[in-house]
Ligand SMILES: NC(=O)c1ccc[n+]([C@@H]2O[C@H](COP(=O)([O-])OP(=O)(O)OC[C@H]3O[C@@H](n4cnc5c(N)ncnc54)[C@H](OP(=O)(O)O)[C@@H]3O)[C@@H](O)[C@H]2O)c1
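The chain below stands alone, shown as structure tokens; this is the form predicted on its own.
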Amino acid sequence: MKIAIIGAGNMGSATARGIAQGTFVPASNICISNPSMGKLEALRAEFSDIRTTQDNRECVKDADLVILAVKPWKILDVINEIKDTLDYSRTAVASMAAGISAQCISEHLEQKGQAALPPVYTIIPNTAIAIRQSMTFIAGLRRTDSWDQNLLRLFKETGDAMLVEERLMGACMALASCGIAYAMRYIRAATEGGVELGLYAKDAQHIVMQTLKGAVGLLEENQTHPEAEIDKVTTPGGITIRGLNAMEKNGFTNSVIEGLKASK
């Protein structure tokens, strides 16, 4: 499979890095385009086999999958620029632009001389795709089993991936894309709390990060609900239940839920 990525910003570059580290698509089959050379040169310094160009039309030529990783307000201009270069009989188009539906993209792909429109997907990873730890969501219009499986295989190599209904993309983004920032904010807050308790900041952060890894590991290994694991460490009259109750008194759970709702 040959992949063209339009846009070498944070998400485009991270996606190229993540895919290039996998086994499904070799780095030599990835082409990425960007208006300026700086970010392209940075990518080439890490992955010399990735092809780079400042010409979007050149990038998508002969691509099996075109990934649009540009800002939402630029995506329609990019589509109009490249669509007459695409072969709709063999190429799928995927967008990473938040808030732009597959239907909207499909309508802008319409042009004379093409008998049928291609499969169109919306793909939402998070920035951890660069280190192959993303949670990526895939929805689409005119999906095929073949493309569904190709995309799942491709993005499972960059962490995990799941097919969802497009109407759920907002909720998925709040949990996983915005969720990266929320997890970082918890780490920061817990680290600051550790400093107040007398630890050096670097030691507190290390402890918090390892503790979160352990929490995730327990849930994965035991396939349990979080409350089941919480019950194991909350003895009657103990310090853990006092801490949890103090957090709830200050709005912990409600703050998380309201933040997620605001992100949708």
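Residue numbers here begin at 1 and follow the sequence given. In this text, rigid core is short for the largest set of C-alphas that superpose within 1.5 Å between two forms. Please read all numbers here as calculations on a predicted model, not as lab measurements.
This protein has a second form, the form predicted in complex with the ligand, left out of what is shown; the following refers to that one.
A heavy atom within 4.5 Å of the ligand in the predicted bound form is found for exactly one of Arg51, His206, Lys39, Lys61: Lys39. Of the residues Gly194, Pro72, Gly179, Gly159, just one reaches the ligand in the predicted bound form with a heavy atom at 4.5 Å or closer; this is Pro72. Partner proximity in the predicted bound form, defined as non-hydrogen atoms within 4.5 angstroms of the ligand, places exactly one of 162-170, 140-148, 72-80, 186-194 at the interface: 72-80.
Contact annotation: Gly243 falls outside 4.5 Å of the ligand in the predicted bound form, judged by heavy atom distances.
A residue is said to contact a partner when one of its heavy atoms sits within 4.5 Å of a partner heavy atom; Ala4 fails this definition for the ligand in the predicted bound form, lying far away.
At least one heavy atom of Gly9 is located within 4.5 Å of the ligand in the predicted bound form.
Interface residue remark: Gly217 is not counted as part of the site for the ligand in the predicted bound form, having no heavy atom within 4.5 Å.
Residues of 119-135 that come within 4.5 Å of the ligand in the predicted bound form, judged by any heavy atom, are Ile124, Pro125, Thr127 in sequence order. Superposition on the rigid core between this form and the one not shown places the CA atom of Ala181 2 Å or more away from its counterpart. Relative to the superposed core, Ile124 undergoes a Cα shift smaller than 2 Å between this form and the one not shown.
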